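Taking the form predicted on its own, here's one chain by itself in structure tokens.
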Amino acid sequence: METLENTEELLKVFEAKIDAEIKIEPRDWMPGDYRKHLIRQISQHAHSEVIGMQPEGNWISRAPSLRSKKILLAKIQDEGGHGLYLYSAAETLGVSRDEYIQWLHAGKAKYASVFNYPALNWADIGAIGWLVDGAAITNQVSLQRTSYGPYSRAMIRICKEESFHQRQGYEIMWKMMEGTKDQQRMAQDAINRWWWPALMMFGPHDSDSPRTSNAMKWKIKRETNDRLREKFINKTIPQAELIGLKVPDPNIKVIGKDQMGENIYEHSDINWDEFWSVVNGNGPCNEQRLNHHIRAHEEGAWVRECAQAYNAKTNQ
């Protein structure tokens, strides 16, 4: 039986591991709030990877060349794999994958708000790869050092693949900017529509994010929302300018240099009313994305049943 005295001693051991950069593993004792935070964060991350397959999957049959079709297929397959890695990591916290899916379908679990926006044309596939996956990499690189072992190890593998996704998206935008005037207008329109949702991916300002302090204390998060967003902006604006694109922010200006001599930018604030509206289910594609996932899950039940039956038979 766990007593108050035992709990205090276990907490000291836990905190000493965190301070020493020793990974917390599934069988280690951990505070209840640490476990709850990981359950929410890792499952939300897994849901985002799987839901994020939808806006791109709609363009497989309409890709402009066989090469682009193969690349897009490979990318979408990667995203499904990322979801599997993350669900597996999340299950080590004592919650089954079925429960995580049930929470998602019931609206009790969230996924990245950016995936509730429509992909209207091929330029959007470029913007998603370059901006959305670029924002994801900025966040995920720091998560390779997260304090929970299974999550950290999953992120190391995921980051290697995400860097390919970002390059794929940037190549699409670059090629379109070398094309016709109409293609250039499509590329600019895509960045106009995806820039702000990509910035929202990092979450609200740190002062408005009640979970940030514990996440930083426990080293689940290694950098704050605002710091990650600034890193993404400072890296992405020069990329846009290099190929002739402009970010849709009239207030962008250089305010200094970092230690590497790269520009630091000041930017407009984000429309947080839109962010919270989308998070709460009122985005352009919230209902469509969730209904599609529910339908696919139900239609795929026979596959899971066959796999379970085969597994049971081979393990007799």
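Please read these numbers as outputs of a predicted model, since none were measured by experiment. Residue positions are given as counts along the sequence shown, with the first one as 1.
Same protein, other form: the form predicted together with 3-hydroxybutanoyl-coenzyme A, not shown, and the subject of what follows.
**Student:** If the criterion is a non-hydrogen atom within 4.5 angstroms, does every one of A136, P204 and W276 touch 3-hydroxybutanoyl-coenzyme A in the predicted complex?
**Tutor:** Yes.
**Student:** In the predicted complex, is there a heavy atom of 3-hydroxybutanoyl-coenzyme A that lies within 4.5 Å of any heavy atom of M176, even though the partner is absent here?
**Tutor:** It does not: once 3-hydroxybutanoyl-coenzyme A is placed as it appears in the predicted complex, M176 has no heavy atom within 4.5 Å of it.
**Student:** According to a 4.5 angstroms non-hydrogen atom cut-off, is W194 in contact with 3-hydroxybutanoyl-coenzyme A in the predicted complex?
**Tutor:** Although 3-hydroxybutanoyl-coenzyme A is absent here, W194 would stay clear of it in the predicted complex, with no heavy atoms inside 4.5 Å.
**Student:** Any chance Y148 has a heavy atom within 4.5 Å of 3-hydroxybutanoyl-coenzyme A in the predicted complex?
**Tutor:** Looking in the predicted complex, residue contacts with 3-hydroxybutanoyl-coenzyme A do not include Y148, since no heavy atom lies within 4.5 Å.
**Student:** Looking in the predicted complex, any heavy atom of A119 within 4.5 Å of 3-hydroxybutanoyl-coenzyme A?
**Tutor:** Output for A119 is no: heavy atoms all beyond 4.5 Å of 3-hydroxybutanoyl-coenzyme A.
**Student:** To verify the annotation, which of these, S209, T92, S152, Q183, has a non-hydrogen atom within 4.5 Å of 3-hydroxybutanoyl-coenzyme A in the predicted complex?
**Tutor:** Looking at S209, T92, S152, Q183 one by one, just S209 meets the 4.5 Å heavy-atom criterion.
**Student:** Please tell me which of L245, I172, A112, A190 lies within 4.5 Å of 3-hydroxybutanoyl-coenzyme A in the predicted complex, judged by heavy atoms.
**Tutor:** Flagged contact: A112.
**Student:** Which among 234 to 242, 95 to 103, 119 to 127, 218 to 226 is in contact with 3-hydroxybutanoyl-coenzyme A in the predicted complex, heavy atoms within 4.5 angstroms?
**Tutor:** Flagged stretch: 218 to 226.
**Student:** Could you list the residues in 25 to 42 that come within 4.5 Å of 3-hydroxybutanoyl-coenzyme A in the predicted complex, counting only heavy atoms and keeping sequence order?
**Tutor:** In sequence order, R40, Q41 come within 4.5 Å of the partner.
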